[in-house]
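Next comes just one chain, in structure tokens: the form predicted alone.
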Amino acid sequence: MADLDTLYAHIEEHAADYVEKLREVVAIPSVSSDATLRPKVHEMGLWLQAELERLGAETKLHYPGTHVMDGEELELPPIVLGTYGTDESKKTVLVYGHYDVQPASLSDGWTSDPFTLTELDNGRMVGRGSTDDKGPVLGWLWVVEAHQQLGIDLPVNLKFCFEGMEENGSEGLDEMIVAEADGYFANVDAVCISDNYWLGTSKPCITFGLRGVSAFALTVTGPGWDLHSGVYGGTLHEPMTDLIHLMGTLVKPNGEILIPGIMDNVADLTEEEEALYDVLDFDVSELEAAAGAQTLIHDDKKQTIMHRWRYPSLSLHGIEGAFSGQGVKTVIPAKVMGKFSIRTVPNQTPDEIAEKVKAHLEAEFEKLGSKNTMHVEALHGGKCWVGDLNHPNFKAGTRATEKVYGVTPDFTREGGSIPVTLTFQDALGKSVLLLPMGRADDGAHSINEKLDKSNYLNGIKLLATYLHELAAETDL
């Protein structure tokens, strides 16, 4: 194995260069959900292609096609594919990341321009995309560059897959992966994704599970147009009243899901799994700090984490069609749509969840005796994922974490979803490891998103060490 201390010293020496490159990409507002910024998403994809080619990788761009957004047909941004090394005596590792970001503006409450990387005295680097996912994506590039500059042979071949629609449904990605399973991805031995976060703020982790997500739209339609409540109030069935009642039948304030049969297929808690929760380095106060309020349902660590990771949850997200501006508008909306989602766990499936949700809401609507009409639509159904902690891919990640941070990582699951994880596992038949760079308080998707400089640099070291540890595995 190469002299890792030399590699670590080189990474520290080039910290300023890595920060400037991160500043350069944060300045590209690659917001995939904003039609006006679609050219910037393409620009970010081409930036990555140019950097990969500068490092000697062979690249190609896969364009998934077009889609309609805000009434406009737009070209989907390219999936950037790169190959670095084709030595048949080496293992081949596929690394995935995304270069699009969530929307952000100063008016949301940011303390600085979200698309200007701002370094604070405490080492935090604030900017949209810094941790989700531009910092980790760049980390893979600097691993290759550091080996080149030191004259150290990279111990594996690398395949890169960087997409620009992760924050907006990853349109076209799954189809491309399945189509290229025996093509571009044919020789892959293992997959690594760095698009998640530590459980807390002080101890690194390795993630082996993700909840799935099933999203729904519940629409209630009544009169032909919006009406004046002073003229029509009390004379007809109001869609908003029906909708609020129906959404109230989905979940209790304590988080209990009220849909019959929803818990029937949830995997039983084993002794082996339960033991993992007992040793986690986590304090509920950290989650409260990250949430900005002391409003947790459960008081103890184990129950909080289990309901975050291994049990399903239902969240109400919003209502379309209702008045939401300032002041009072005494209107009866003609049509309203409530949006909600269920985070799913083993052994639940999207089809099962959709069937039970629709049956429940249809039964509850029938009880109302309303003359309005109701429609339930399943918008999206992503499966959950659980990996094998005993697989050599996870063992390599564990040893790498121990070398860089000097501690055995926590083994965690995530409450959120990264659907491509399961796609890679199923389509390629290979182990997928989630190896995070950032901390729990990075604020991905939130205001003042940040990446600590120490996590950025140690994250680069971690990704490099992981590749060396995986290369040393004989039984992959």
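Superpose the two forms; the largest set of C-alphas matching within 1.5 Å is the rigid core. Computed from a predicted structure; not experimentally measured. Quick note: we count residues from 1 along the sequence shown, nothing fancier.
Just so it is clear, the following notes concern the form predicted together with a further copy of the same chain, a form of the same protein that is not shown.
- Exactly one of the stretches 201-209, 153-161, 106-114, 341-349 approaches a further copy of the same chain in the model of the complex with heavy atoms within 4.5 Å, and it is 341-349.
- Although the partner is absent here, residue 276 lies well away from a further copy of the same chain in the model of the complex, with no heavy atom inside 4.5 Å.
- Interface residue remark: residue 183 is not counted as part of the site for a further copy of the same chain in the model of the complex, having no heavy atom within 4.5 Å.
- Mapping the unseen interface onto this chain, residue 64 falls outside it, with no heavy atom inside 4.5 Å of a further copy of the same chain in the model of the complex.
- Shown alone here, residue 302 lies farther than 4.5 Å from a further copy of the same chain in the model of the complex, counting heavy atoms only.
- In summary, among the residues 187, 148, 86, 330, the only one with a non-hydrogen atom within 4.5 Å of a further copy of the same chain in the model of the complex is 330.
- A heavy atom within 4.5 Å of a further copy of the same chain in the model of the complex is found for one listed residue only; from 118, 398, 92, 372, this is 372.
- Residues of 300-339 lying near a further copy of the same chain in the model of the complex, listed in sequence order, are 304, 307, 308, 313, 314, 315, 316, 317, 318, 319, 320, 322, 323, 324, 325, 326, 327, 328, 329, 330, 331, 332, 333, 339, the criterion being any heavy atom within 4.5 Å.
- Once both forms are overlaid on the rigid core, the distance between the two CA positions of residue 214 between the shown form and the other one is 2 angstroms or more.
- Annotation: Cα of residue 314 displaced by at least 2 Å between the shown form and the other one, core superposition.
- Core-superposed comparison between the shown form and the other one: the CA of residue 340 exceeds or equals a 2 Å shift.
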